[in-house]
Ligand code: PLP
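Only one chain is shown below, in structure tokens, and it's the form predicted on its own.
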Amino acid sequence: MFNKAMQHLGEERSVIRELFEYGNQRKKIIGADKVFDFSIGNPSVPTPAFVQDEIKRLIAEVPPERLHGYTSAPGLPEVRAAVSDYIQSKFGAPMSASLVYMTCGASASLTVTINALCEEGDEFAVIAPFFPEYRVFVESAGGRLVVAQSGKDFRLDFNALDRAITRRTKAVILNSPNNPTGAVVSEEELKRLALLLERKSLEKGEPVFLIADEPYRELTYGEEVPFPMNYYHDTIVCYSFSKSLSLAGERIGYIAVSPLCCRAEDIFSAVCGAGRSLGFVCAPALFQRVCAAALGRSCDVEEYRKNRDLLYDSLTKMGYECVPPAGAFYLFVRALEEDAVAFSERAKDYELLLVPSDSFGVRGYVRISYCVSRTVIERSLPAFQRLYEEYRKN
């Protein structure tokens, strides 16, 4: 009668979403100020004033039929040109407006790109810990997800990657800064990855693509995020403005296919075809224009830095073991028992909503989204202390 696999996905929401909905219910029962919801990466820093100003300007100056009407399926030509110009000027990478596809956020960018590349029997390699929806995106496209564990301090483990990339590998998905650890892939690591992918492509006889998932590019605390297209030709960048501009609910981003990709124009045609088949055409017209005027700019990252420092310093002082994040707005914390799911359930007793690491591809950790108000972090600290003391006693 209907697709059972889709029914399963609808009934078995991601752990992150389940915790988020649980938190919403608890807030109704005991009050929002008593629930410490660190489940979802929903930006808390206000959308920058220049974004609001641009929205007002567009509404005042652009006729409604143009402002809110359909655009070309891949996006407005002037917006695609703005993205291309920005990539060339900011990163010094060759780019063409004809290879830019505007999308409904990072999830659409990834879904469209994976569907554009995936053929029967293809594998997509990811590095754990990884965003759990990668598995859904890949498997829904008919591919198979292959997981390579990261190494010490969650840096790239090139031996593990070497084993994970086979003749069936269509692409490697790289997320830097990383969700959930906040790790940033260094230039040295990216160069080594490029050499590995070049060798694997020669062995395979066709490219192993690099899909760069970059919604957190601007959210760093001093570290440079090298631009993948400058190191590996067969790169496709999937970008979102959701995090950098606090526009998560507006669902706006883009796909950029490197002009140095093997058969770049054919790949872009496949991107357009995948967008068509999935219904991801004509991204929101108003916000295409807004983001074209905001390229390279971001919200106040210092607010996230303050949240990070308060949470990291406080938890490590209590005795928790935390991974120092160089970017994004997540803190990866070792659970106080081997079973992270059980630890996450125990934390609920203190109204702490922490995401267990199992669905991220590793065991024994929880992810804390610190893109919340400072007061939530401050009020949560006694609960973290009581949770730690309970484990210490037992």
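Sequential numbering from 1, following the sequence displayed. All values reported here derive from a predicted model rather than from experimental measurement.
Just so it is clear, the following notes concern the form predicted in complex with ligand PLP, a form of the same protein that is not shown.
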#### Entry: residue 207, heavy atom within 4.5 angstroms of ligand PLP in the predicted complex
no
### Query
Does residue 330 make contact with ligand PLP in the predicted complex, using a 4.5 Å heavy atom cut-off?
yes
### Task
Give a yes or no for residue 171: in the predicted complex, does one of its heavy atoms lie within 4.5 Å of a heavy atom belonging to ligand PLP?
no
### Query
Taking heavy atoms only, is residue 234 within 4.5 angstroms of ligand PLP in the predicted complex?
no
### Query
Quick one: which of 297 to 305, 98 to 106, 71 to 79, 273 to 281 gets within 4.5 Å of ligand PLP in the predicted complex, going by heavy atoms?
98 to 106
### Query
Which of these residues, 221, 154, 134, 86, gets a heavy atom within 4.5 Å of ligand PLP in the predicted complex?
134
### Task
Identify, from the list 287, 124, 216, 268, the residue with a heavy atom within 4.5 Å of ligand PLP in the predicted complex.
216
### Query
Can you tell me which residues in 224 to 244 come within 4.5 angstroms of ligand PLP in the predicted complex, by heavy atoms?
240, 242, 243
